[in-house]
Structure formats: C-alpha cells, structure tokens
Ligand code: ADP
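Take a look at this single chain, the form predicted alone, given in structure tokens.
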Amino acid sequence: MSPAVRKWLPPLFAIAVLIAPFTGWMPAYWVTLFNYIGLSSLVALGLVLLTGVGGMTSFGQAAFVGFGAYTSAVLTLDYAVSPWLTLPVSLLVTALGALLIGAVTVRLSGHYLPLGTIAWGIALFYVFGNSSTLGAHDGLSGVPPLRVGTHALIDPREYFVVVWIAVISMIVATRNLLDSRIGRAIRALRRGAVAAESFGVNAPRAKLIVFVYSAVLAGLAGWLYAHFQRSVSPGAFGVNTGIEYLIMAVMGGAGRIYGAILGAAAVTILKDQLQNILPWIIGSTGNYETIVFGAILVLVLETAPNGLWPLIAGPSPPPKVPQRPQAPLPDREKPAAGTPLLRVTAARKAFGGLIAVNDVSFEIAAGEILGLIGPNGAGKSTTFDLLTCVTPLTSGNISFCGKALAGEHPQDVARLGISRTFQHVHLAPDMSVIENVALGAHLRGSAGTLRAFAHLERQEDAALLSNAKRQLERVGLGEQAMMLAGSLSLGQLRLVEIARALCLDPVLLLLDEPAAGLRVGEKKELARLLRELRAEGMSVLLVEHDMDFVMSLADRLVVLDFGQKIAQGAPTDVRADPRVLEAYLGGVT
C-alpha cells in the first residue's frame, strides 16, 4: 500500500463507519452486531498495547470490562446517578483495580504472567457471581440507557455513533501514545528491559502504564456495554470471554492499532455467521461453530503469524523527523579534562563458585580513553554490567563523580551521565533505526503519559528525533534512519548502538567491542569519531579485541585475565608486559 493511501485510509474508514448505519443499506441486526464489534475493539485495542507492544499476555481482560459495567450499573440503579456521570467513576474504579492487580502481575515473567492473569480473571469472575450487591449470578437488570437531554439512546443506530466515537477517540489517543517518547520506551521493552533501563526507562512503571491503560479501555467498553445491553451479569466477564478478546488482538495483528478493529470484526462476524450456516449445512444443532472457528483460527495464525492487518497495510511507517527543531536539547556540562571521574576499588562479582571479576581496581579521568582488554572470558563485559548496575557487586566499591553506585538502578546510572553499548546487540528489530536511537535520549525529555495522549509533546519529541538523526549522521548512518533496525548488518547495528548511546549526551561512554563487524574504512571513521568525542570532553571506556584499533586510540590500558587485573599503563608499556604477552598477545617472544 502506498504511503498516500495509508495516510488517508484511517480518516476515510472513520467517516465510512460513522455514516454507514444512516445510509439505509445496513439492516438493524448488523448495526447491533457492529455495536458489539466496537465494544470488542476497545478491549482488543488495549490488548494490542499490552500483548503486541508491551509483550505481556493477559487472559483476564474481560474482568476489567466487568469493573466498568458493574460500577455504572450499581451507581445508576442504587443511587440514581446519571449514566454520563458514572463514566469517570467507572474508569477510575477500573484504573485503581488494575493498578493494584498490575503492581504484582507485571513483575511476573515467562509463563507465570499469563497464568497470573488467568488466576485473577477467575477470581474476579467468582467475585461478580457471588456478590449479592452485584446481583450474584443473576446479575443486575433494568440499567437505564444513555440520554441526550430527555432523549434516550435506545435505537442501535443512535448508540452506534456513541460506540464508534469512543473507538475512534481511543485509537487517536493510542496512536499519539505510541508515537511519543513514552511509547518508544514501551515498545522497546518487548525485546527485553536491559537496554531500555540502561537509558533511563523505568521498566516496571512503563509496563504498569500499559497495563492500567489497557484495563481502562476495557472499563470503557464495560460502561458502554452496560447501557447498551441494559443488564449486567457475570457470564460476560469470564476467562473464556477474555481468551476471545486475546484472539481478536492476535488475529487482527498484535502490535497494530487498526488490527484491533479488524480482529474484533473477523471474530465476531465469523462466530455469528457460523452459528447460522453450520446447522443448515450439517442438518442438526450443536456447538459445531466452535470446532470450525478453532480450525480457521489455526489456519490464520499459520499463514499470517503477524495477524491480518499487516497483510492489508504493510509495515508501519517510521515517524517524521523535523529538520530544524524549535527547541534543541541542552547539552550536559562536562567536567574539566583530567578531573577524576570513575573509580573502581576492589570490585568483585561471584556467580556461585565462579568469580567473574576478582578485586579489580582502576580509575578513569575526564577526557580520557581507557582500553579494557583481555582474552574471552576475562570478565570485561561483566565489569561493564557492574559499572552500569545491571549486575550488583558482590563486594568492593564503584563511584562516579564522587557518588557511590552501589545499590543504584541502571536508569539512575544513566541519569548520572553513563551510557553504554552491549557485547551482543540490544536493539528492537521491528522498530525503525531512528526510533531505536531516540530511545537513548529518553531522559532528556520530560513529557508524561497524559501529554502524550493529547499529543502535546510534539515540540519536545521533534527535538529528540532531530538529535537522534544528528547522532546517526555522526556514525555514518543518516540514510538508514527510516529503515527497520532488523534489516541492517551486524556492523551497522553496532554503529546504531553507538548513536543511541551518544543521544544520552554522556559524560562517560562505555563501548563493548564497537569495532566488531566493521570494515576497515568504518573502523577508521569510528576511531575519528572517538577522538572527536574525547576532544569534546567525553570519556570513553573501550572493550575491544582489535589490538591495532585499541592501541592507536587508548590513552591507557587495563588488562584482565580470568577476572583479575594483570597489567595497567600506557599502550606501549602494556604491549611489552610479559604477563600480557603470556595471557593475551600470543606468548612471550
């Protein structure tokens, strides 16, 4: 699909949806069916964010629909509150419930997370079914309809407008969120939290934001459901329904906003039509539609594992990058050259009986390039993890600008001005190159979630993206900014990681084998860039196996072997050290 068609498809779809019931060609039954599709789309939209974007699988989303529905039903029936006034209360109750559940649930990982959502989904289903206040298993009936003035919105065609205005509004808000600084952080978490946290992302908080927002969307669907159905009972909010919502999100395209609508429509219409067609074909009644629906679902997932929407619309377009931001990012003040910066004192890391780093000590001054070398397994990457608090110290001390780093989190270390790359590339392959790089500037923005929903952070985000583009140009990848990161070579990916690290505007840059996979010309350009950074006042700690590369750059070298420091000093002195020759450079000659 061409970019021009993709640009106009959503607004044209929105207009077509809103006017369809009033054209006369859509029967009342189908209007009602599309109302239910709209309600399901809201829940599926939340699951697109939760599962497809945030990487958290939930089978209990239907329970949050129940929160919104029951809250409004109780307030309108028992306290005669206007249905419109119950909307904020229903959303608030749902958000608070999700906050309490999510505070525990989002910290689970692997198969424990979906099992946890099944557990609280079942628990809430029985709470709804056994509470006399909520009508127990009989539920609550006679829920008043929504009204505009004195006119009750009972006609499905009128309610259609309310439902789909809600759907379109939430799609716009969700798109704004995902295109923001917060949204990039959330999307990066799907591939692991280590890299995101190393650039200041609070992973538990970001996951909780997605969890609560997806629950609020379900609560909105519940509020609409209560005043459309005019009754509420626990059967609509069980785990089976939650599984069906998850199927909608996955079938439409987990991670794709418009896939939520497509998935909800496909599942709802398919189930409805199978119930009508199969008894006529088979000649008897029964739950045959469940069997056929399951077979169709498996076929769809087998042939389109990314869902149906990518088959229609193709890959998502990367964000637009303004050429001249109105508010350039302020630069971090660098300490004067020679100022003591990082001090490592008797750092030790033991994994059970294995000592990976054994009482290592060294210092880095401002404006210095320090090389950390040694054979494979010497403990270099573990040392990087200790410096950035990815891994806690077993004993010893690490301080940066006089501040002890013991007990800090990776995001706190990034806030101090320490940035890094990784031995094994940590990038999101399904995000564009510039979005991956802009993640490095996460701490240089301040716009929160509410501003992102309303798209009020555009000026700040323009500055973040422009800075990302500038850093990509510095490493020679400006023309690849809009490509998917997964389409680049290993050498290019390492340069992308360097650009991301530079986006933080660090005081200390930790580079773990940055020249691996680079061609000769690219290594020369990288060396030129590192010298330029040193001249600007930035310090660099460099792990590298290419001795010609590191010897030509480093002011000093520290050599590790089996976790111990065996040498330290100027490159010429280290090169001649018998211990280094024995352990690393090929033996004594």
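Predicted model only: the values in this text are computed from it and were never measured. All residue numbers refer to positions in the sequence shown, first residue = 1.
What comes next is about the form predicted together with the ligand, which does not appear here.
The ligand is not shown here, and in the predicted complex it never comes within 4.5 Å of any heavy atom of Q411. The ligand in the predicted complex comes within 4.5 Å of no heavy atom belonging to L450. Put simply, L354 is close to the ligand in the predicted complex: some heavy atom of it is within 4.5 Å. In the predicted complex, none of the heavy atoms of G255 sits within 4.5 Å of a heavy atom of the ligand. Though the ligand is absent from this view, in the predicted complex it lies within 4.5 Å of a heavy atom of just one residue from S316, Q423, N306, S399, which is Q423. Only one of P429, G476, P375, P335 comes within 4.5 Å of the ligand in the predicted complex through a heavy atom, and that residue is P375. Of the candidate stretches 377-385, 270-278, 221-229, 171-179, only 377-385 has residues whose heavy atoms lie within 4.5 Å of the ligand in the predicted complex.
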